[in-house]
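Given next, in C-alpha cells, is a single chain: the form predicted on its own.
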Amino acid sequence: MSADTLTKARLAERVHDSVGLSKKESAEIIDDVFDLMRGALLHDEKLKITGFGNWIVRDKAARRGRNPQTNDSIIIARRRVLSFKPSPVLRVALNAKE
C-alpha cells in the first residue's frame, strides 16, 4: 500500500498521537464511528459531516447496456450506489492546493 494512503490503522494511530488514547482505544473509536456511518447509510439516512461532505444512497434503475467484448445488448440490473458530494469548504481547500 502506498505511503500516501490513509488506512484505518494509520487513522487510529493519528488519533492516538493527537488525543493520547491508547492505540487499542483509538482503533475501537475509529471502528465505532465507521459502524455508525455504515448503519446510517444502510438505513437510508443521509450522512453529513459539516466541512467535509455529504454521502447519500441512491437507487439506480435497470438499464440497457452493451457487452464491449461481444457487442451483445444486455440489461444492467437495478442497484444502489453511494454518492459523495464534498462540502464547499473542502472543495475550496482542495482547489487552493494547486
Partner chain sequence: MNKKELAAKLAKKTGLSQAKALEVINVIFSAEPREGIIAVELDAGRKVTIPGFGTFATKSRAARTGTNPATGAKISISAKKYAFFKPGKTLRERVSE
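Numbering follows the first chain given and starts at 1. Bear in mind that the values here come from a model prediction, so they are computed numbers and not experimental data. Here, rigid core means the biggest group of C-alpha atoms that superpose within 1.5 Å across both forms.
There is also a form predicted together with the partner chain; it is not shown, and the following applies to it.
- Shown alone here, residue 63 lies farther than 4.5 Å from the partner chain in the model of the complex, counting heavy atoms only.
- Within this chain, residue 89 lines the site of the partner chain in the model of the complex, having a heavy atom no more than 4.5 Å away.
- In the model of the complex, the partner chain lies farther than 4.5 Å from every heavy atom of residue 24.
- In the model of the complex, no heavy atom of residue 69 sits within 4.5 Å of the partner chain.
- If you take 12-38 and check each residue for a heavy atom within 4.5 Å of the partner chain in the model of the complex, you get 14, 15, 18, 19, 21, 29, 30, 32, 33, 34, 35, 36, 37, 38, in sequence order.
- When two forms of a protein are overlaid on their rigid core, residues whose CA moves 2 Å or more are considered shifted, and residue 21 is one of them between this form and the one not shown.
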